[in-house]
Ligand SMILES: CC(C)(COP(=O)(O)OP(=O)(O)OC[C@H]1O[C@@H](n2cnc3c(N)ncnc32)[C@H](O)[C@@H]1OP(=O)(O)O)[C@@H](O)C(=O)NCCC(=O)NCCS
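Below you will find one chain, with nothing else, as structure tokens; this is the form predicted on its own, and questions on how it binds or moves follow later.
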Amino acid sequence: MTNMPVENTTAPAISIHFRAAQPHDGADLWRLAQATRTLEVNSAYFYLVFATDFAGTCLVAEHAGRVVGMVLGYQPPQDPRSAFVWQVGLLPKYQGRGLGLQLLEHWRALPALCHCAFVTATVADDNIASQALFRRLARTHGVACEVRPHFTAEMFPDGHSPEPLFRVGPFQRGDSSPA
């Protein structure tokens, strides 16, 4: 897809390559999810399915040929104007460089998603970093970030905390190219 230098004031600039997922990425995406130490890790099969059947709606970020970040998502059948983020993940050493927002920007620009007017995601109440990321996406584009109940604690079988739905948008057509 594209190479972008990523900079911040505390780390040197690095060149990141963003592209749609490919079937051979499944194992790397699973390892990345584990390495973040913050994501709920799904089965290896899950990541293979996303890298294969949902490849067009999943983004991989590479540095020096290594997978360092991802956005896994899909387009909900009941809401074709939305793109749903399942997971956003970065290796710890790549965090704090503004790469999370760049991941979302490049993900929105994927051909399968560039027509979507909204970005949605469920975010646990204690996941402050993800909440800030989706709010930053909204601020960057001057659009709303609506938060409403979605998955309540009672819906989970394992004591999981609630996950409200974040709905960012509407984005205007043509407002999906990375900044």
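Bear in mind the structure is a predicted one, so any value in this text is a computation, not a measurement. Residue positions are given as counts along the sequence shown, with the first one as 1.
One more form of this protein, predicted together with the named molecule, exists but is not displayed; see below.
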property: Of A129, A144, A27, A153, the one that lies within 4.5 Å of the named molecule in the predicted bound form (heavy atoms); result: A129
property: Contact flag, Q87 vs the named molecule in the predicted bound form, heavy atom cut 4.5 Å; result: yes
property: Partner proximity in the predicted bound form: Q75 to the named molecule, non-hydrogen atom cutoff 4.5 Å; result: no
property: In the predicted bound form, L101 touching the named molecule (heavy atom, 4.5 Å); result: yes
property: 4.5 Å heavy atom contact, R136 and the named molecule in the predicted bound form; result: yes
property: Contact test, all of T52, F54 and R108, partner the named molecule in the predicted bound form, heavy atom 4.5 Å; result: no
property: Stretch in contact, per heavy atom within 4.5 angstroms of the named molecule in the predicted bound form, of 59-67, 110-118, 35-43, 145-153; result: 35-43
